[in-house]
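Presented below, as structure tokens, is a lone chain in the form predicted alone.
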């Protein structure tokens, strides 16, 4: 481990124009003098994978719900032996995480049997519990859909009187807001019910392989669980079917101007076009509740909200199909390679007992793998898209009441401030007088919008504080790709030739021009044969994986979405480079070695 360290969080300056940014977030998530000794001696890394852009107050709420829930399952439910939760802070609008490692051997030993009992129950009943999980998540989504943010009535209905209900619409509105936030937090409780165990099972299999086969590459272990069907790929598969249907119906030319949705719909006005649109509607709910971004930001649009993104993918698939190309995933080849590797390494084991243990851990890793990807659709896309839709309904109601200028203003009022705002609205309605909010909130929101813009334009460090001696928290390793080696790499002086290194995440090598994609807004610029270089990738970008040669990301481990989807699409990938989007420019000719984790300019 190097002697170098990252900057102290107390050394980082506020970007010009962002003075007062702290008021956007609760005091508990800020670096503070009271905790300075701990915070200044702790390693923090930025989670640019999920929150790589400056957060509004409501964006930050989901960060807090998520990481508290993740930590709860580590530390209080399953008692993962070497790790508690992940501590988190917000600095200049960006999230910084610190895994809380347990280094006391006695504590680890005491937690091990408890973990085995608790996790063992889930592993032994995985399929039944997963079916139950799907029902719970769908019920939560339905409950979110049922939230009613109607304006307060001029007069209560007579039924309120005759039923002797005893409470009115003002109470209902406040109760609905509380129910809304409770359901939002429940999204994240469900999110981590299985995910921590999924990573733990894979990490256990990974550790077994590393001990049994000391020279085995990380990538070979990952390939042993590849080739499994998951729901997360379903939206992309539905687009492929729609592309074929457009050809079959003779309306493929309608997608020539795919960026202009109105033009596409005008071209689909005939009978055949209407059949194609009907086919879209049949699958849109729920599969196109698919965010073009991470789904964690209020401004991320789903495929149903902005069809220009999926229509461009349909156009690309139509072009490939008309050229006679096979657009299906190479599942047969991936599974053949997977089985070859498993058989090869099984032969290295000394006894039948070892082979039985190997097959048991491999089987469990494959059992949990679908959830590791599927939760992404059900939680981060479907659930979150409904949450953002209902919050915009509340914002629209408050525009009509004069509190806001536009519906999105709601995202700049903190969660607990919204309680005060709604009570202001309620009391003014009850009293029959004017609320204070219409004069109070607009200037505050205008100021906060400028602060977030200034934070968004700033560049914040990848990490803070001293590097840790060891990293044991499963998410930190498998999802974010934060290891002792990757941290050393971040601290090392950049190479003069602009090359970067990261995790060998998907095998193969490729050469081609780089395309920097900072967000979903840039995805349409990706050309056939380019190499995608991005801070992260989103599941909804799946269609571009059939047109690129390789992928490079700033952050991400072997179980990050970029790594998994590249293995499934047979595309070389290097993840967790730290700064590829800074070191590489669009148009640079680069070589990606997905076997070694090296990216070089050529």
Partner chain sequence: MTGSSEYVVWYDEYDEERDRHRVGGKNASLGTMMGAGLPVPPGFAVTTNAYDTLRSHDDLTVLINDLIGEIDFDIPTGLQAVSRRIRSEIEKLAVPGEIEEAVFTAYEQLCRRCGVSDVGVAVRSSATAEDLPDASFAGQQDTYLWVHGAENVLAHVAKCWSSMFTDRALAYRHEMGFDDQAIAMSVGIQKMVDPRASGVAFTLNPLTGDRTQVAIDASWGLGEAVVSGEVTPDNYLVDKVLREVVERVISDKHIEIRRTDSGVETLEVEAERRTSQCITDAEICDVAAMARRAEKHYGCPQDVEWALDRHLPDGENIVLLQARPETVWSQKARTSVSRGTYDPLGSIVSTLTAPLKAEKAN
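Positions refer to the first chain, counted from 1. Whichever C-alpha set is largest while still superposing within 1.5 Å between the two forms counts as the rigid core. Source: prediction; values computed, not measured.
A second form of this protein, the form predicted in complex with the partner chain, is not displayed here; the remarks below concern that form.
Contact check in the predicted complex: 54, 424 and 445 versus the partner chain, with a cutoff of 4.5 Å between any heavy atoms. Do all three pass?
Checking in the predicted complex: none of 54, 424 and 445 is within 4.5 Å of the partner chain.
Between 212, 520, 334, 129, only one gets a heavy atom within 4.5 angstroms of the partner chain in the predicted complex; which residue is that?
Partner contact (heavy atom, 4.5 Å) among the options: 212.
Would you kindly say which of 160, 268, 134, 349 lies with a heavy atom within 4.5 Å of the partner chain in the predicted complex?
The option sitting close enough to the partner is 349.
If you check in the predicted complex, is residue 115 within 4.5 Å of the partner chain, heavy atoms only?
Result yes; residue 115 sits at the interface with the partner chain in the predicted complex.
Can you check whether residue 82 is within 4.5 Å of the partner chain in the predicted complex, heavy atom basis?
The answer is yes: residue 82 has a heavy atom within 4.5 Å of the partner chain.
If we define contact as a non-hydrogen atom of the residue within 4.5 angstroms of the partner, is residue 477 a contact of the partner chain in the predicted complex?
Result yes; residue 477 sits at the interface with the partner chain in the predicted complex.
Residue 303: touches the partner chain in the predicted complex, heavy atom cutoff 4.5 angstroms
Residue 303: no, not in contact with the partner chain in the predicted complex.
Candidate stretches 289-297, 359-367, 381-389, 527-535, one within 4.5 Å of the partner chain in the predicted complex by heavy atom
Within 4.5 Å of the partner lies stretch 359-367.
Only counting heavy atoms and a 4.5 Å limit, does any residue of 338-355 reach the partner chain in the predicted complex, and if so which ones?
Heavy-atom contacts within 4.5 Å come from 340, 341, 344, 345, 347, 348, 349, 350, 351, 353, 354.
With both forms fitted on the core, give yes or no for whether the Cα of residue 459 moves by 2 angstroms or more between this form and the one not shown.
Not so; residue 459 is displaced by less than 2 Å.
For residue 259, is the C-alpha shift between this form and the one not shown 2 Å or more after core superposition?
Result for residue 259: no, shift under 2 Å.
Taking the rigid core as reference, does residue 362 move its C-alpha 2 Å or further between this form and the one not shown?
Result for residue 362: no, shift under 2 Å.
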